[in-house]
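As structure tokens, one chain now follows by itself in the form predicted alone.
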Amino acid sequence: MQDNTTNIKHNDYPPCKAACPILTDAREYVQLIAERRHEEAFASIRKLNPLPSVCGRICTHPCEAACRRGQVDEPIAIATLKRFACDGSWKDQYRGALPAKPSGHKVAVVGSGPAGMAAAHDLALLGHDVTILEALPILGGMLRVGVPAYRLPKDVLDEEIRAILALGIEAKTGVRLGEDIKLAELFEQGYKAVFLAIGAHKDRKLGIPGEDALAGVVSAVSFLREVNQEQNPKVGDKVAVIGGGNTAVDSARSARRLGANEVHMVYRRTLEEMPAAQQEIEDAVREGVQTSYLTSPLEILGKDGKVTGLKCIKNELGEPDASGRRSPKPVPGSEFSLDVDMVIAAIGQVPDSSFIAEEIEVTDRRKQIIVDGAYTLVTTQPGVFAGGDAVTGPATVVEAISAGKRAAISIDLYLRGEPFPSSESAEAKKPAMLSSSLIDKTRKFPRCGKQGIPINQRLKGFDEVDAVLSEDLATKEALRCLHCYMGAQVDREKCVSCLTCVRVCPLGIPATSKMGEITIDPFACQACGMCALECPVRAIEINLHSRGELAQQVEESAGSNQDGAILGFFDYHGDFGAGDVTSLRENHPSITPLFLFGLRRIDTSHLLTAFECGADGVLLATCRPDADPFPGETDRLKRRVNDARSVLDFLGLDGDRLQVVDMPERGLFDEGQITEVMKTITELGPSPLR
């Protein structure tokens, strides 16, 4: 069938999804949270991401950087909403579906970090027999030994690992590839493919005097490993942390929790170039960490074999280097010293592949594993694949998960004797920008604030700092979504260029060409639904709660109660929770609720259809004007209600069967008001159409 719609491609992703390395549909689960469908929201996340609670806490959330709402005020708190969806009791209802018949192939996954876990998870779902080999005595890789508990509690990680292993995956800890077992031996034991996800556990050296000669100089990797294995490493009274990544920030914040009175972060560039997550930097400063930007270490000073200070020099920024950031250049004569008794080097990590260099091709310095394609992750050894930090160097959790998932696809194709997918990466699209006029017309709503432990209590231990959002806050935040690519489509064959859509759009998005052809930008449209509702020839359809979908819901809801009922239309933008909906169903069973993203979507025909299908009355509960993204459209709703009442009066049904109430500040309705409404409708008796 020919598709006559314009302005939208079915393979167009919303910006948040396109920015995610594993293409998680953030728009979908954010919308499900707004609809109080939490179990479905979790399922939407979990079907692609085997470590959703981990990502809800420590993901760098590139989706938020791409979020269209960020061009208006602040991005949707997507990662925070992910954590909300993943921390609820409903998550226990999700079960991954294993294939009915196993493939019969054995696959070894070396490493249990995010890349290894993701690969093992997906391979098991594809029917393969998977064994994880981990050098550490416990599973989790860098998630286990590199991320402090105040950011990622170990019980959260344990729970997600257990869910992955429950797919029938075997795990063997304390097994180091190259020492305890060789690659060749794995194939001799019947494994048909091997995925190397060994991470990047080796620290970089500072390369300055005093680094190797003084007690009190430690690497961030070893320091955080001791912290995360609860070995309570001894810290100095005054600590300098050299570096600007998340590992450096984690080291600084951990040192404060372990008793350091002063912690200085020394970074060679400015705050703007600092690679650590902005929120983590801000939290570190609030916890008392001092920062020295545009500063490079020159020498670690000492006396009697112990650290006594750190000699530094100030920098200025020159031209951009290969990373795109401006290169720091020392300022002559700007040397100074910090009085410290401990130095933590956190300038980066590298993979150590030397132990398998005899069996597989690695880079010149025996660090990273060489692969033929960034997508296929095929190595030079048949049947061996590699991904994650072992290939790219240190990257983000979600990038590692993406590598594991890509490896699972390639391994599955390899085992089935099918060709690999193209290794050519798609060209990244430049994010579309909203016009200044549209930004001005879009209503602003504040982003939810973080909840958690007060600053003055954080340093008492490693308890998780951030708390999960309440249902109320999560719902309000989800309702800030602008519904990218869920808006209006124009059917060219039906459109008569009457310009009704141009006149009624509250944001002025529909445009006309010189030939009178109507176009609606799918990126700019916010799915208010007005154009689709007002179009006289029904040439416009809306993706979010389409006209046909709403009509079907009205028929089903109104006809669901054979004894007659009141069909209630409620606006999702009201301030209510799942408990309020449950209470409505229990205390007012005669009211059948139907929820919408704005009652402006309701047409006169929808109201009359409810009566045709047997409803004794119809109740419309409008949200407060301060919560409505399109408050100026209430007059159109009033007009349709009055039109429907006139038709009811003409038919002898009495227009008072149609009632409109305002939703209160909290809850679905005011109890006294709803009692009066129900009394009015009940006194009119059963509908003659029933």
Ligand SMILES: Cc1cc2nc3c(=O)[nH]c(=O)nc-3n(C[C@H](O)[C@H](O)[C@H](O)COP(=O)(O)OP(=O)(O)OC[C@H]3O[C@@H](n4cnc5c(N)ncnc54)[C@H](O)[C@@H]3O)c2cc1C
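The first residue of the sequence shown is number 1, and the count goes up from there. Everything numeric here is computed off the predicted structure, so don't read it as measured data.
One more form of this protein should be noted, the form predicted together with the named molecule, which is absent from this view; the next part is about it.
Using 4.5 Å between non-hydrogen atoms, is L271 touching the named molecule in the predicted bound form? Contact with the named molecule, no.
Given that the partner is absent here, does G199 sit within 4.5 Å of the named molecule in the predicted bound form, heavy atoms only? Within the cut-off, so yes.
Could you tell me if T60 has a non-hydrogen atom within 4.5 Å of the named molecule in the predicted bound form? Answer yes; at least one heavy atom of T60 falls within 4.5 Å of the named molecule in the predicted bound form.
I'd like to check something about L177: if you look in the predicted bound form, is any of its heavy atoms closer than or equal to 4.5 Å to a heavy atom of the named molecule? Taking the distances in the predicted bound form, the answer for L177 is yes, it comes within 4.5 Å of the named molecule.
Region of this chain that lies against the named molecule in the predicted bound form, out of 615 to 623, 465 to 473, 383 to 391, 185 to 193 [heavy atom, 4.5 Å]: Contact criterion met by 383 to 391 only.
Counting any non-hydrogen atom inside 4.5 Å, which residue from A260, V130, V110, V554 sits next to the named molecule in the predicted bound form? It is V110 that has a heavy atom within 4.5 Å of the partner.
Considering the named molecule in the predicted bound form, which of G146, G243, P297, G574 comes within 4.5 Å of it through any heavy atom? Checking each option against the named molecule in the predicted bound form, the one that comes within 4.5 Å is G146.
At 4.5 angstroms, heavy atoms only, are L224, D250 and A400 all close to the named molecule in the predicted bound form? Per the other structure, all of L224, D250 and A400 touch the named molecule.
Could you run down 126 to 149 and flag each residue that has a heavy atom within 4.5 Å of the named molecule in the predicted bound form? Stretch hits, in order: L133, E134, A135, L136, G140, G141, M142, L143, G146, V147.
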